[in-house]
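As structure tokens, one chain now follows by itself in the form predicted alone.
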């Protein structure tokens, strides 16, 4: 390990946000160890060291935190609505993610880790505050009385309390952010674990001109989406602040899923019809409330959704073209 540099660990470095975070931290001069169950699928990690293994394994978790000062804990069993809201993966989601957090905290504190960043989720917010798609309530204090709409959300809420209890009892520093639908390049875009923006970009890229795409539900459910670069800016500002959190990191630019589809079609310059079909939906409305972020971090995201979608669509369209079967020339 290189002397004279701060040594940080990114858990989940083979994933979407974690992969981008490794690049960000390296650009800032940190010595970075990446850890994940797999290598990054879309680019070579610039991490100084990359360990492949399962953080549910206590021995691997112990090795991962050796010599580390700050831990960025993004490793989790997760995916989009097609993975989280079907109910088919609930046991794995809760067991795997909770075990990872228990291991990282216990072995981290024993190894002398001084600060932990934990990536929580907007999925912790109560379903009863998100029934009206036009007026969802997602301010940080509204998390209780707790009633997330998925086991993924319940596990995230439990783990928030886990990190805070370790801070109270063992004196480690903790920073907690609740991510709201982060999207961008070099993330899952097919296979069932992709989030809505990536899925929409893929559907539009695959559709022939004049064709149609499918959307789960009536498309009137609302969300906000944050481009990954701004997410990382929020993470770094939180980590360097004296605020523990939890704090939302998301956009306040709320759109319906139908509007998201129309925006992607416009970017692709394709006129397509939409067919609404049954499918897992999640809550009716969700939007980041950034009041606390502005107050505590003196910052908030400013990149328009369309700008991030333009970059993301171009990348996903290239992936679609790369993976499309080549037609025979004979």
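Residue numbers count along the first chain shown, from 1. This one's a predicted model, so the numbers in the text were calculated from it and none came from an experiment.
Although it is not shown, the form predicted together with nicotinamide-adenine-dinucleotide is what the next lines describe.
Only one of the listed residues (157, 74, 176, 204) places a non-hydrogen atom within 4.5 angstroms of nicotinamide-adenine-dinucleotide in the predicted complex, and that residue is 74. Comment: nicotinamide-adenine-dinucleotide is not present in this chain, but in the predicted complex one of 281, 268, 37, 297 has a heavy atom within 4.5 Å of it, namely 37. Using a 4.5 angstroms heavy atom cutoff to nicotinamide-adenine-dinucleotide in the predicted complex, all of 16, 54 and 78 count as contacting. In summary, the region of this chain contacting nicotinamide-adenine-dinucleotide in the predicted complex, judged by heavy atoms within 4.5 Å and restricted to 253-261, 232-240, 158-166, 177-185, corresponds to 177-185. Contact between residue 227 and nicotinamide-adenine-dinucleotide in the predicted complex is not found at the 4.5 Å heavy atom cutoff. In the predicted complex, at least one heavy atom of residue 152 sits within 4.5 Å of nicotinamide-adenine-dinucleotide. nicotinamide-adenine-dinucleotide in the predicted complex comes within 4.5 Å of a heavy atom belonging to residue 119. By the criterion of a heavy atom within 4.5 Å, residue 100 is counted among the residues contacting nicotinamide-adenine-dinucleotide in the predicted complex.
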